[in-house]
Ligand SMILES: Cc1cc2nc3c(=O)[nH]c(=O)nc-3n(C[C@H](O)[C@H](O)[C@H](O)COP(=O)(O)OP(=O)(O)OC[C@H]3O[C@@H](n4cnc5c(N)ncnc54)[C@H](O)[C@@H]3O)c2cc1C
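In the form predicted on its own, a lone chain appears below as C-alpha coordinates.
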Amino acid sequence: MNIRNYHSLLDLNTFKVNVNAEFYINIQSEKDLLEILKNTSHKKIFILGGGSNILLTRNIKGLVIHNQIKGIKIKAETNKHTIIEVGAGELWDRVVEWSTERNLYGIENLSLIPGYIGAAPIQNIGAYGTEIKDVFQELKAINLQTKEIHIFNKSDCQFGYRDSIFKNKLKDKLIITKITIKLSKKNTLNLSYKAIKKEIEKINHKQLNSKDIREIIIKIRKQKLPDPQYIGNAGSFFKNPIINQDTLNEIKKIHPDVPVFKNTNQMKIPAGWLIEKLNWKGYRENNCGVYNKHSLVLINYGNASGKDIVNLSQKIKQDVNQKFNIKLEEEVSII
(Lines give C-alpha, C1' and ligand atoms only; values in the text may rest on other atoms or scores of the structure.)
Protein backbone atom coordinates (compact mmCIF):
# COMPACT_ATOMS: atom_id res chain seq x y z
CA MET A 1 0.00 0.00 0.00
CA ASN A 2 1.42 3.30 -1.11
CA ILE A 3 0.59 6.57 0.66
CA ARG A 4 1.10 9.55 -1.64
CA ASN A 5 1.86 13.11 -0.57
CA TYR A 6 -0.07 16.11 -1.92
CA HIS A 7 -2.09 14.02 -4.33
CA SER A 8 -4.43 15.87 -6.70
CA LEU A 9 -8.14 15.12 -6.31
CA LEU A 10 -9.05 16.81 -9.59
CA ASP A 11 -10.07 13.56 -11.27
CA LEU A 12 -11.65 12.13 -8.11
CA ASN A 13 -14.54 14.59 -7.75
CA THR A 14 -17.23 15.13 -10.37
CA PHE A 15 -17.25 18.91 -9.88
CA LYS A 16 -13.68 18.80 -11.26
CA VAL A 17 -12.39 21.13 -8.55
CA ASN A 18 -8.61 21.16 -8.32
CA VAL A 19 -7.61 20.55 -4.70
CA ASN A 20 -4.98 18.31 -3.12
CA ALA A 21 -4.96 15.67 -0.41
CA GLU A 22 -2.12 16.15 2.07
CA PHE A 23 -1.85 12.34 2.16
CA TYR A 24 -3.75 9.88 -0.04
CA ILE A 25 -4.17 6.13 -0.19
CA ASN A 26 -6.33 3.83 -2.29
CA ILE A 27 -7.70 0.79 -0.42
CA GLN A 28 -9.29 -2.22 -2.09
CA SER A 29 -10.12 -4.57 0.79
CA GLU A 30 -11.31 -4.52 4.40
CA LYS A 31 -8.02 -6.11 5.39
CA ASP A 32 -6.04 -3.23 3.86
CA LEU A 33 -8.38 -0.71 5.47
CA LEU A 34 -7.98 -2.18 8.96
CA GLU A 35 -4.23 -2.30 8.53
CA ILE A 36 -4.12 1.37 7.56
CA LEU A 37 -6.39 2.41 10.45
CA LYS A 38 -4.35 0.46 12.98
CA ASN A 39 -1.00 1.80 11.79
CA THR A 40 -1.73 5.37 10.76
CA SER A 41 -0.59 8.28 12.91
CA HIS A 42 -2.95 10.68 11.16
CA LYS A 43 -5.62 12.10 13.44
CA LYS A 44 -7.61 13.54 10.56
CA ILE A 45 -9.07 10.99 8.14
CA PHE A 46 -11.27 11.86 5.18
CA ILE A 47 -13.19 9.13 3.35
CA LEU A 48 -13.56 9.57 -0.40
CA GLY A 49 -15.80 7.45 -2.59
CA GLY A 50 -16.89 8.40 -6.10
CA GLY A 51 -16.69 12.12 -5.35
CA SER A 52 -20.08 12.63 -6.98
CA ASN A 53 -21.95 14.34 -4.15
CA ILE A 54 -19.32 16.64 -2.70
CA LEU A 55 -18.03 20.13 -3.38
CA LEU A 56 -14.41 20.55 -2.30
CA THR A 57 -13.56 24.11 -1.30
CA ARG A 58 -10.08 23.55 0.14
CA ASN A 59 -7.11 21.22 0.25
CA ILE A 60 -7.77 18.24 2.52
CA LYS A 61 -5.47 17.95 5.53
CA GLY A 62 -4.60 14.58 6.99
CA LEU A 63 -5.14 11.25 5.25
CA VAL A 64 -7.64 10.78 2.42
CA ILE A 65 -8.72 7.14 2.14
CA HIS A 66 -10.17 6.38 -1.28
CA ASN A 67 -12.56 3.47 -0.75
CA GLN A 68 -12.48 1.12 -3.73
CA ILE A 69 -13.64 -2.12 -2.13
CA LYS A 70 -15.39 -3.90 -5.00
CA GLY A 71 -17.41 -7.04 -5.67
CA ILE A 72 -21.02 -8.11 -6.20
CA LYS A 73 -22.09 -11.46 -4.79
CA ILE A 74 -25.42 -13.21 -4.20
CA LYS A 75 -25.90 -13.73 -0.47
CA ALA A 76 -29.26 -15.48 -0.53
CA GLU A 77 -31.98 -16.36 -3.00
CA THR A 78 -35.62 -17.40 -2.86
CA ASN A 79 -38.38 -17.79 -5.43
CA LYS A 80 -39.29 -14.15 -4.92
CA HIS A 81 -36.06 -12.33 -4.10
CA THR A 82 -32.32 -12.14 -4.62
CA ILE A 83 -30.23 -10.62 -1.84
CA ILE A 84 -26.85 -9.27 -2.90
CA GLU A 85 -23.84 -7.94 -1.02
CA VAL A 86 -21.85 -5.22 -2.76
CA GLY A 87 -18.48 -3.66 -2.01
CA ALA A 88 -18.75 0.03 -1.14
CA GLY A 89 -16.33 0.95 -3.92
CA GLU A 90 -18.50 -0.41 -6.72
CA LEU A 91 -19.96 2.14 -9.10
CA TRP A 92 -23.65 2.48 -8.27
CA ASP A 93 -24.74 2.35 -11.88
CA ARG A 94 -22.82 -0.87 -12.45
CA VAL A 95 -24.90 -2.45 -9.67
CA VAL A 96 -28.09 -1.25 -11.36
CA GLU A 97 -26.89 -2.63 -14.69
CA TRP A 98 -25.99 -5.97 -13.04
CA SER A 99 -29.48 -6.11 -11.54
CA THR A 100 -31.42 -5.36 -14.72
CA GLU A 101 -29.33 -7.76 -16.78
CA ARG A 102 -30.57 -10.50 -14.45
CA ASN A 103 -34.18 -9.33 -14.71
CA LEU A 104 -34.29 -8.20 -11.07
CA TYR A 105 -36.39 -5.29 -9.84
CA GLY A 106 -36.11 -2.51 -7.30
CA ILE A 107 -33.34 -0.12 -8.37
CA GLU A 108 -33.92 0.41 -12.10
CA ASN A 109 -35.35 3.90 -11.46
CA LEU A 110 -31.99 4.83 -9.92
CA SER A 111 -30.10 4.26 -13.16
CA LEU A 112 -27.22 6.55 -14.15
CA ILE A 113 -26.84 8.10 -10.69
CA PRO A 114 -23.08 8.70 -10.43
CA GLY A 115 -20.85 7.67 -7.54
CA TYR A 116 -20.13 4.57 -5.50
CA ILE A 117 -22.67 2.41 -3.70
CA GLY A 118 -21.02 3.22 -0.36
CA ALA A 119 -22.48 6.72 -0.54
CA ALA A 120 -25.99 5.48 -1.43
CA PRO A 121 -27.23 4.88 2.14
CA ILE A 122 -25.46 7.96 3.50
CA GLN A 123 -27.44 10.13 1.12
CA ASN A 124 -30.44 7.78 0.86
CA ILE A 125 -30.16 8.37 -2.88
CA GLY A 126 -33.42 8.62 -4.76
CA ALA A 127 -34.90 9.36 -8.16
CA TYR A 128 -38.20 8.90 -9.99
CA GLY A 129 -40.12 7.67 -6.94
CA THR A 130 -37.51 5.20 -5.66
CA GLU A 131 -34.98 5.45 -2.81
CA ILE A 132 -32.20 3.13 -1.69
CA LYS A 133 -34.06 2.55 1.59
CA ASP A 134 -36.76 0.71 -0.39
CA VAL A 135 -34.37 -2.20 -1.05
CA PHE A 136 -31.88 -1.75 1.77
CA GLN A 137 -31.18 -4.66 4.13
CA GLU A 138 -28.02 -3.82 6.04
CA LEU A 139 -24.53 -2.41 5.77
CA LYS A 140 -21.14 -3.15 7.27
CA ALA A 141 -18.95 -0.32 8.53
CA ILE A 142 -15.73 0.18 10.47
CA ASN A 143 -15.37 2.80 13.19
CA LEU A 144 -12.44 5.04 12.31
CA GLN A 145 -11.40 5.48 15.93
CA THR A 146 -12.08 2.13 17.61
CA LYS A 147 -11.52 0.03 14.44
CA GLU A 148 -14.57 -2.01 15.46
CA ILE A 149 -16.84 -3.52 12.81
CA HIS A 150 -20.54 -2.61 13.04
CA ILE A 151 -23.62 -3.91 11.23
CA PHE A 152 -26.48 -1.44 10.63
CA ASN A 153 -29.97 -2.62 9.70
CA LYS A 154 -32.58 -0.41 8.05
CA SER A 155 -33.96 1.11 11.26
CA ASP A 156 -30.43 1.79 12.56
CA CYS A 157 -29.75 3.99 9.53
CA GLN A 158 -32.58 6.45 10.36
CA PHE A 159 -33.28 7.13 6.70
CA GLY A 160 -34.96 10.38 5.74
CA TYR A 161 -35.29 12.49 2.62
CA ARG A 162 -31.71 12.49 1.27
CA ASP A 163 -30.67 11.87 4.83
CA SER A 164 -29.45 9.22 7.27
CA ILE A 165 -27.68 8.83 10.60
CA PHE A 166 -24.40 8.85 8.66
CA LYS A 167 -24.95 12.50 7.72
CA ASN A 168 -25.76 13.46 11.30
CA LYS A 169 -24.86 11.62 14.51
CA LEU A 170 -22.30 9.35 12.84
CA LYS A 171 -20.93 11.81 10.31
CA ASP A 172 -17.20 11.25 9.64
CA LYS A 173 -17.04 8.48 12.24
CA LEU A 174 -17.35 5.40 10.02
CA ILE A 175 -16.24 3.97 6.73
CA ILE A 176 -18.80 1.77 4.97
CA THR A 177 -17.34 -1.38 3.43
CA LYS A 178 -20.29 -3.54 2.30
CA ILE A 179 -23.97 -2.93 1.44
CA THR A 180 -26.66 -5.60 1.31
CA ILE A 181 -29.82 -4.99 -0.76
CA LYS A 182 -32.89 -7.08 -1.53
CA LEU A 183 -34.09 -7.21 -5.14
CA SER A 184 -37.34 -8.65 -6.40
CA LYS A 185 -37.76 -11.33 -9.07
CA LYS A 186 -41.33 -10.18 -9.56
CA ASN A 187 -42.14 -7.41 -12.02
CA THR A 188 -42.66 -4.52 -9.58
CA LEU A 189 -42.07 -1.49 -11.77
CA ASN A 190 -42.55 2.01 -10.38
CA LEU A 191 -44.04 4.05 -13.24
CA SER A 192 -45.49 6.89 -11.17
CA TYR A 193 -43.48 9.74 -12.70
CA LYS A 194 -44.89 11.63 -15.68
CA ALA A 195 -41.57 11.66 -17.51
CA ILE A 196 -41.47 7.86 -17.44
CA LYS A 197 -45.08 7.57 -18.62
CA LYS A 198 -44.40 9.91 -21.55
CA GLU A 199 -41.47 7.80 -22.72
CA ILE A 200 -43.50 4.59 -22.37
CA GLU A 201 -46.16 6.06 -24.66
CA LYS A 202 -43.53 6.41 -27.39
CA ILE A 203 -42.60 2.74 -27.44
CA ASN A 204 -44.65 -0.32 -28.31
CA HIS A 205 -44.11 -2.76 -25.45
CA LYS A 206 -46.78 -5.07 -24.12
CA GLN A 207 -44.79 -6.01 -21.05
CA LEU A 208 -41.98 -3.80 -19.80
CA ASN A 209 -39.17 -5.15 -17.65
CA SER A 210 -36.52 -3.56 -15.45
CA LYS A 211 -34.06 -3.29 -18.34
CA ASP A 212 -36.63 -1.34 -20.40
CA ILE A 213 -37.15 1.11 -17.53
CA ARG A 214 -33.41 1.46 -17.06
CA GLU A 215 -33.06 2.48 -20.71
CA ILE A 216 -35.89 4.99 -20.32
CA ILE A 217 -34.36 6.51 -17.17
CA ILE A 218 -30.96 6.78 -18.86
CA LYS A 219 -32.56 8.57 -21.82
CA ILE A 220 -34.40 11.03 -19.54
CA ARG A 221 -31.34 11.77 -17.41
CA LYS A 222 -29.07 12.31 -20.42
CA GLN A 223 -31.56 14.84 -21.81
CA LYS A 224 -31.67 16.80 -18.54
CA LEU A 225 -28.31 16.38 -16.82
CA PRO A 226 -24.75 17.14 -17.96
CA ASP A 227 -22.21 14.33 -18.13
CA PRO A 228 -19.61 15.01 -15.38
CA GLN A 229 -16.91 13.60 -17.65
CA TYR A 230 -17.29 16.72 -19.78
CA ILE A 231 -18.96 19.31 -17.52
CA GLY A 232 -18.10 19.44 -13.83
CA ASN A 233 -21.19 18.99 -11.66
CA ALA A 234 -22.66 16.94 -8.83
CA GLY A 235 -26.20 16.52 -10.14
CA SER A 236 -28.93 18.12 -8.06
CA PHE A 237 -27.28 20.74 -5.86
CA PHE A 238 -30.32 21.45 -3.66
CA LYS A 239 -32.96 19.29 -2.03
CA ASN A 240 -36.61 19.80 -2.94
CA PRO A 241 -37.90 21.88 -0.02
CA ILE A 242 -40.64 20.59 2.26
CA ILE A 243 -43.24 23.31 2.82
CA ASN A 244 -46.44 23.88 4.79
CA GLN A 245 -49.88 24.79 3.49
CA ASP A 246 -49.55 28.50 4.34
CA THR A 247 -46.39 28.84 2.28
CA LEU A 248 -48.02 27.00 -0.60
CA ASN A 249 -51.08 29.27 -0.46
CA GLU A 250 -48.88 32.37 -0.66
CA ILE A 251 -47.02 31.04 -3.69
CA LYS A 252 -50.28 30.05 -5.40
CA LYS A 253 -51.48 33.66 -5.24
CA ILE A 254 -48.81 34.54 -7.81
CA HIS A 255 -48.13 31.13 -9.35
CA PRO A 256 -51.33 29.07 -9.34
CA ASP A 257 -49.61 26.43 -11.48
CA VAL A 258 -46.93 25.65 -8.91
CA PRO A 259 -46.08 21.91 -9.00
CA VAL A 260 -46.37 20.10 -5.65
CA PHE A 261 -45.47 16.56 -4.65
CA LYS A 262 -47.77 15.47 -1.85
CA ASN A 263 -47.01 12.63 0.53
CA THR A 264 -49.05 11.63 3.57
CA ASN A 265 -47.52 14.13 5.98
CA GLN A 266 -45.64 16.58 3.82
CA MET A 267 -45.55 18.60 0.63
CA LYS A 268 -42.54 19.28 -1.58
CA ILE A 269 -41.98 21.90 -4.25
CA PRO A 270 -39.32 21.18 -6.90
CA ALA A 271 -36.32 23.35 -6.04
CA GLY A 272 -35.55 23.53 -9.75
CA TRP A 273 -38.93 25.16 -10.41
CA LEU A 274 -38.28 27.85 -7.78
CA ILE A 275 -34.82 28.60 -9.20
CA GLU A 276 -36.08 28.69 -12.77
CA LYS A 277 -38.92 31.06 -11.87
CA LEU A 278 -36.28 33.52 -10.66
CA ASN A 279 -34.44 33.32 -13.99
CA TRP A 280 -31.30 31.61 -12.76
CA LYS A 281 -31.46 28.87 -15.38
CA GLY A 282 -28.53 29.25 -17.78
CA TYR A 283 -26.93 31.96 -15.63
CA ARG A 284 -23.13 32.13 -15.77
CA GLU A 285 -20.77 33.82 -13.35
CA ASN A 286 -17.14 33.64 -14.42
CA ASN A 287 -16.24 29.93 -14.53
CA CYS A 288 -19.38 28.50 -12.94
CA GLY A 289 -23.09 28.72 -13.53
CA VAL A 290 -26.53 27.10 -13.60
CA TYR A 291 -27.04 24.44 -16.25
CA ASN A 292 -29.21 25.65 -19.14
CA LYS A 293 -31.22 22.42 -19.28
CA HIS A 294 -31.85 21.93 -15.56
CA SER A 295 -31.80 24.76 -13.04
CA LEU A 296 -31.11 22.43 -10.10
CA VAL A 297 -27.63 21.69 -11.44
CA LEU A 298 -24.69 23.99 -10.79
CA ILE A 299 -21.76 23.49 -13.15
CA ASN A 300 -18.04 24.14 -13.38
CA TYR A 301 -17.11 25.42 -16.83
CA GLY A 302 -13.48 24.53 -16.31
CA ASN A 303 -11.51 26.45 -13.72
CA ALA A 304 -14.00 27.37 -11.00
CA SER A 305 -12.95 26.88 -7.42
CA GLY A 306 -15.21 25.27 -4.84
CA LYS A 307 -15.64 28.68 -3.21
CA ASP A 308 -16.81 30.18 -6.53
CA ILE A 309 -19.56 27.56 -6.72
CA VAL A 310 -20.50 28.05 -3.05
CA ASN A 311 -20.80 31.81 -3.59
CA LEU A 312 -23.14 31.25 -6.53
CA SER A 313 -25.25 28.80 -4.52
CA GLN A 314 -25.57 31.34 -1.69
CA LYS A 315 -26.88 33.98 -4.08
CA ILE A 316 -29.50 31.54 -5.36
CA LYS A 317 -30.52 30.56 -1.82
CA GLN A 318 -30.88 34.20 -0.78
CA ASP A 319 -33.00 34.99 -3.83
CA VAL A 320 -35.34 32.03 -3.27
CA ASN A 321 -35.69 32.86 0.41
CA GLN A 322 -36.42 36.51 -0.31
CA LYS A 323 -38.97 35.87 -3.08
CA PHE A 324 -40.67 32.68 -1.84
CA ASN A 325 -39.89 32.61 1.90
CA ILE A 326 -38.32 29.16 1.41
CA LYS A 327 -34.88 28.17 2.65
CA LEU A 328 -33.15 25.85 0.23
CA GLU A 329 -30.91 23.16 1.68
CA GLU A 330 -27.92 21.71 -0.12
CA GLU A 331 -28.08 18.10 -1.24
CA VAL A 332 -24.36 18.24 -1.99
CA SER A 333 -21.91 17.98 0.94
CA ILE A 334 -19.68 21.05 1.05
CA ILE A 335 -16.20 20.29 2.37
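Numbers follow the displayed sequence, beginning with 1. Model, not experiment: these values are computed from the prediction.
One more form of this protein should be noted, the form predicted in complex with the named molecule, which is absent from this view; the next part is about it.
Chemist: Quick one: which of 99 to 107, 232 to 240, 193 to 201, 73 to 81 gets within 4.5 Å of the named molecule in the predicted bound form, going by heavy atoms?
Modeler: Contact-bearing stretch, as computed: 232 to 240.
Chemist: Using a 4.5 Å cut on heavy atoms, which of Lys185, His150, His255, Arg221 is close to the named molecule in the predicted bound form?
Modeler: Selected residue: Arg221.
Chemist: Tell me, out of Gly306, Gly272, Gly51, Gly289, which residue has a non-hydrogen atom within 4.5 angstroms of the named molecule in the predicted bound form.
Modeler: Among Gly306, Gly272, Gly51, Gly289, a heavy atom within 4.5 Å of the named molecule in the predicted bound form occurs only for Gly51.
Chemist: I'd like to know whether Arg214 contacts the named molecule in the predicted bound form, with contact meaning heavy atoms within 4.5 angstroms.
Modeler: Flag for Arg214 set to no.
Chemist: Quick check on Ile251: any heavy atom within 4.5 Å of the named molecule in the predicted bound form?
Modeler: So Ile251 does not count as contacting the named molecule.
Chemist: Is there any non-hydrogen atom of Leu37 lying within 4.5 Å of the named molecule in the predicted bound form?
Modeler: Although the named molecule is absent here, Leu37 would stay clear of it in the predicted bound form, with no heavy atoms inside 4.5 Å.
Chemist: Even though the named molecule is not shown here, does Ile181 get within 4.5 Å of it in the predicted bound form, heavy atoms only?
Modeler: Close contact is absent here: in the predicted bound form, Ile181 is far from the named molecule, nothing within 4.5 Å, heavy atoms only.
Chemist: Using a 4.5 Å cut-off on any heavy atom, which residues of 111 to 135 would contact the named molecule in the predicted bound form?
Modeler: Sequence-ordered list: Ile113, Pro114, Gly115, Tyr116, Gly118, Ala119, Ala120, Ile122, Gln123, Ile125, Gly126, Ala127.
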